[in-house]
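Given next, in structure tokens, is a single chain: the form predicted alone.
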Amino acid sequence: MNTDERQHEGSVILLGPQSWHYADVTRTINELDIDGPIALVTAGWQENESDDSGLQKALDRPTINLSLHARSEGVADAEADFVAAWTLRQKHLRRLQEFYRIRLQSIDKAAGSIAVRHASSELLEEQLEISVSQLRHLDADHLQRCATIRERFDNDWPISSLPSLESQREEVAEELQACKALIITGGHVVAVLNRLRLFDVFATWDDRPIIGWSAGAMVLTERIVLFHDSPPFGTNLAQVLDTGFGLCPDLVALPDMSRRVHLDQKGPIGRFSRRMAPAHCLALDPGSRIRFEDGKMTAVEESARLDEDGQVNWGWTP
């Protein structure tokens, strides 16, 4: 098991992108009957982390912003050697992602070329399975390599050797003890993931509710998958980025899927769904809500599943 993965005996609710009035997250908090205070992780907003007044107003409850981005800046100022090593680690991870992506492109291109050849359906199905198997192997290998790098780094830099970080973790844990629920917002998914890990936010979080939207939802799953069929830059090939915390197993979260995926392209959708199986590939569009209780998916609202036959199943329920 990935060392980040944790069991959560309580409610975890994943949401799609939020509008300025935060209607979905407010409705969720109201239905959970949370009387506050609520812990906020807005690290995905990075330098705008503290601009949470709109969210606070919508929730209409006491909130405590954990300020993970700002805390990480403070640790950086105090632990220069640690930050230098962290920077090198991140550079190494980005290079691994680049090499992994190059290999993925070769397999995906071959799969697309084979799929349009005139051949029997049995032969094409066989070839599709070969392509999916190769993609799955690359995905698993990449995640393992990333985990190995992170584990090695953690061994080289134990928390006991970093008094500033140790102190900040203790403060975060103390603030969390007073909170009734945890909200993790969207934004830059790597920033969210790294700050949650850095300050070990889930170490002392028991069965209290967790709500995450967009990037904040992605990090709660087992695998973070980057996807966009028409990206503003870069490749349109879906790729795993890293492991998540595993609080929502057997799910690939696809924020804003209806806008990012060409839903009429059955071939690529089917190949992607098979590649991610047995996990369900579910949309987190505006208005979507996926609920887990005690680690099991119990309800899906306003979402769709990408099926292995390339269909978009808008009526799917767990």
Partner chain sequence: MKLAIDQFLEGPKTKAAVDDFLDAHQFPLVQDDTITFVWRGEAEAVHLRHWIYGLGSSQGLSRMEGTDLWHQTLPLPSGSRVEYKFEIVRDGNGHWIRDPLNPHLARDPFGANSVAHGEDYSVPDWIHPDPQCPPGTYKVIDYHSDVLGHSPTRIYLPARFRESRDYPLLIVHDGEDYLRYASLGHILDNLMARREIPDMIVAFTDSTARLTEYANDERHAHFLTEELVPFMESEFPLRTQPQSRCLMGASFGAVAAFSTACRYPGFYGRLLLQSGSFAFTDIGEGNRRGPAFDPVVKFMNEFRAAPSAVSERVFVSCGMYESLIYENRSLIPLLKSTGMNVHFREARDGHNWENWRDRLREGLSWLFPGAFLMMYE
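Residue numbers count along the first chain shown, from 1. These numbers were taken from a predicted model, which means no experiment stands behind them.
The following text describes the form predicted together with its partner chain, which does not appear among the structures shown.
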Item to check | is_contact(Leu96, its partner chain) in the predicted complex, heavy atom dist at most 4.5 Å | outcome: no
Checklist entry - Within a 4.5 Å heavy atom cut-off, is Asn236 in contact with its partner chain in the predicted complex? => result yes
Checklist entry - Taking the shortest heavy atom distance, is Leu124 within 4.5 Å of its partner chain in the predicted complex? => result no
Next on the checklist: I'd like to know if Asp264 sits close to its partner chain in the predicted complex, meaning any non-hydrogen atom pair within 4.5 angstroms.
Outcome noted: no
Checklist entry - Any chance Arg145, Gly246 and Arg271 all have a heavy atom within 4.5 Å of its partner chain in the predicted complex? => result no
Checklist entry - Only one of Val225, Val75, Cys179, Val132 has a non-hydrogen atom within 4.5 angstroms of its partner chain in the predicted complex; which is it? => result Val225
Checklist outcome for this item: None of Arg197, Arg136, Arg208, His188 but one has a heavy atom within 4.5 Å of its partner chain in the predicted complex; the exception is His188
Next on the checklist: Only one of these stretches, 170-178, 150-158, 114-122, 208-216, has heavy atoms within 4.5 Å of its partner chain in the predicted complex; which one is it?
Outcome noted: 208-216
Checklist entry - In sequence order, which positions of 230-260 have a non-hydrogen atom within 4.5 Å of its partner chain in the predicted complex? => result Pro231, Pro232, Phe233, Asn236, Gln239, Leu241, Pro255, Arg260
